[in-house]
Structure formats: C-alpha cells, structure tokens
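Below sits a lone chain in structure tokens, taken as the form predicted alone.
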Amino acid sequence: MSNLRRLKWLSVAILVVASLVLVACGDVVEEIGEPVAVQPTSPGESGGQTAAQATPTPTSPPVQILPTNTPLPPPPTPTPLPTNTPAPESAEGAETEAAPTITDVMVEIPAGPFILGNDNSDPNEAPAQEMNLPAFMIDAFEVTNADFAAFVEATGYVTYREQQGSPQNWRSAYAEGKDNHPVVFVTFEDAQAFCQWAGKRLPTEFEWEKAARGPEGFLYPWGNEYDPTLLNGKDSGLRGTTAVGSYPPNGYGLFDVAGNVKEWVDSPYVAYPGSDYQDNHYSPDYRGLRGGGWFDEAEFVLSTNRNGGDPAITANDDIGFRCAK
C-alpha cells in the first residue's frame, strides 16, 4: 500500500477515536450536572445543625395553674357534754316519776393563794393583790338551755322577764338546736334559784376570778395575749351564743370563761380591798358580772374585767351563769 493511502486511513482512525472520546466526556458532564439529594447527618457526625435542629419545633402553651382560695377555718366544734345526771330531789325529798336530768360536770379548784386584780387595765380592777381561798368546786360549763328547762319543768319557775310579759326571755332565745347553748335573759335571782334547786350556789367574785385565770394566773384562758380565734367575742363575728365547750378550756378545765355570755357572781359590785377608786355604778345592792359576752372586745373578756347589774331586773341576751359549791 502506498504511503498516501496509509495516511488517509490513519486520519480516519484518529477521527473515529476523537468522536468516541467526545461522546464519553459528554455522558460524564451530563451525570455530574444532575442534582444530588443531600442526606442529613446525625449530630454526632457533624458540628453543624440539622434541619430539625435549625427550625424550632412548636411547643404547647404552658398550663396555667390557677390559685385556689384559702379555706376558711371550720366553725368551732363543741366539746361533747357527758351523759346528764339526775336532777336533785324536791325539797320534800320525794322523787318524781320522770325526774329531769341536768349536766353536772364540776372542777375542783385547790386551796391556796392567787393574784386577784390587774394594775394595767380598768381602775376598778386594781390594785392587784394576793388572795388566799379555800378549795371549792365550780361548773366546767355554763348552765345550758336544756338544764334550765329541766329546772323549770321540775319547779314551775317563772323568770323575771316572763313575769313582766317581755317577748324576749329565755324561752324565746331557746330555739331548736340550742339545747347546749348557755341560757340567757336570766337575772341574778333567776340564776340563784336554779343553783339552789341543783344543790349548788353561785360563785363569789374572787372564786370566779381564781378559777378563770387558771393555775397559771393568765389574763385569758390561754395566756396573756388576746387571740380572737379562741373565744366567742365580738371579733368572732358570730353575733350570738355558741354551744358551751366550743372553744378550748383553760388550765383548770373550765370552758367559756372568756366570751359567750357574761356570768353572774354572788358578790356586791364595790371597790376591791385597798382601792380608793369609786365607780359611778358601784353599789352594795348590785351583783357582779364576769367574763364578757359574745359582743365584747378584748378588754372586756379579760379574766380580771369587772361589771355589775341590778340582781332583780338585769337580764340580757348575753348574760348567763355557772354554779359552784
């Protein structure tokens, strides 16, 4: 073959090879140009954020906790009265077929001295002084409506208010459910009549104060600082009597010697021994009232507070009594 023909075939071969190379390169360019999906990496594989990390996930709004009202303290719960004991026999000693019953719970107050009076209060309570008394007994509870009703049933007694035809008397205050509330609208003489029927008497003013102050000599049944939650007084807001024994007793075990009702004592309302103070209401014919009632404030429910009234006609809805012997 001549050289010219060899060159021609060589040129054709070169063209064919070049075409094949161009075709191969075009396939590669086309493959690289296609988009490649990027797979997210786990946090441990990359220091960058994933899509989930970069976009905050919506969260539910926080639950709102509404405040609750502070519960009010429950009303006072009265101390259960013990089983009533038979009332005394009649003056003639004869027993009735169905003798009424009365509550008869008494506390013994030991013989010995105590501090009477108060130099830091109303002048009629001064001077504070040591007083020595023999032992005596006194009711743990104020006399109740049910007890007074038993007395009336047994004797036919008619109180001063009833004699005067007053619509406000112990019966009108003795509503349903108030058997264990203290009897009210009773005069000193009404109270004295009950005590005599029960074989007892009213306490003297000195006896009452010694018993009310307790073995510690407190100004209130619980201590020397006023606490309106521990008695039925004006600050309790009850505006009426509560069942006896609704609040804690004092150190001797007496209930309601502060608040609920004022209590008659068998002593004239006069100045204390050693006092030169004169109260406009002092009278040897008056009788003392102690302990304060359901409408009285702190100063009037002190164990040392003194008041007085006409024994024949004074009878209010915050006056009652307890017996002694």
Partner chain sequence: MKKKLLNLFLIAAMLLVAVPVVAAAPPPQGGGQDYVVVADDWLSKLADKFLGDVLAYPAITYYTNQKNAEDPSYAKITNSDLIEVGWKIYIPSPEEAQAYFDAQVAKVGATGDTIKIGALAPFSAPGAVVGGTQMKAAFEIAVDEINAAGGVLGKPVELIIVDTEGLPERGTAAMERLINQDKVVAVVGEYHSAVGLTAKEVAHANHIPVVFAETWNDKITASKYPEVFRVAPLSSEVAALDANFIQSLGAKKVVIMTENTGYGIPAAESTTERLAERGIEAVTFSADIGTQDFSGIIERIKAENPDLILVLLTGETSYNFQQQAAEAGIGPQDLPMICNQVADNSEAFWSNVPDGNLCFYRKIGLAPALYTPETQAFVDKFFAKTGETPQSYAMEAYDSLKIMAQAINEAGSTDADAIIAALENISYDGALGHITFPYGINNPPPEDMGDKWWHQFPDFAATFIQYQEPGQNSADAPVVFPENLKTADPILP
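Keep in mind it's a predicted model, so treat the numbers as computed, not measured. Residue numbers count along the first chain shown, from 1.
If you look for the form predicted in complex with the partner chain, you will not find it shown, but the lines that follow are about it.
- Remark: N305 counts among the residues lining the partner chain in the model of the complex, judged by a heavy atom distance of 4.5 Å or less.
- Remark: Y272 does not count among the residues lining the partner chain in the model of the complex, judged by a heavy atom distance of 4.5 Å or less.
- Remark: E299 counts among the residues lining the partner chain in the model of the complex, judged by a heavy atom distance of 4.5 Å or less.
- Contact check for K234: a heavy atom falls within 4.5 Å of the partner chain in the model of the complex.
- If you check the partner chain in the model of the complex, you find no heavy atom from any of F114, E207 and G217 within 4.5 Å.
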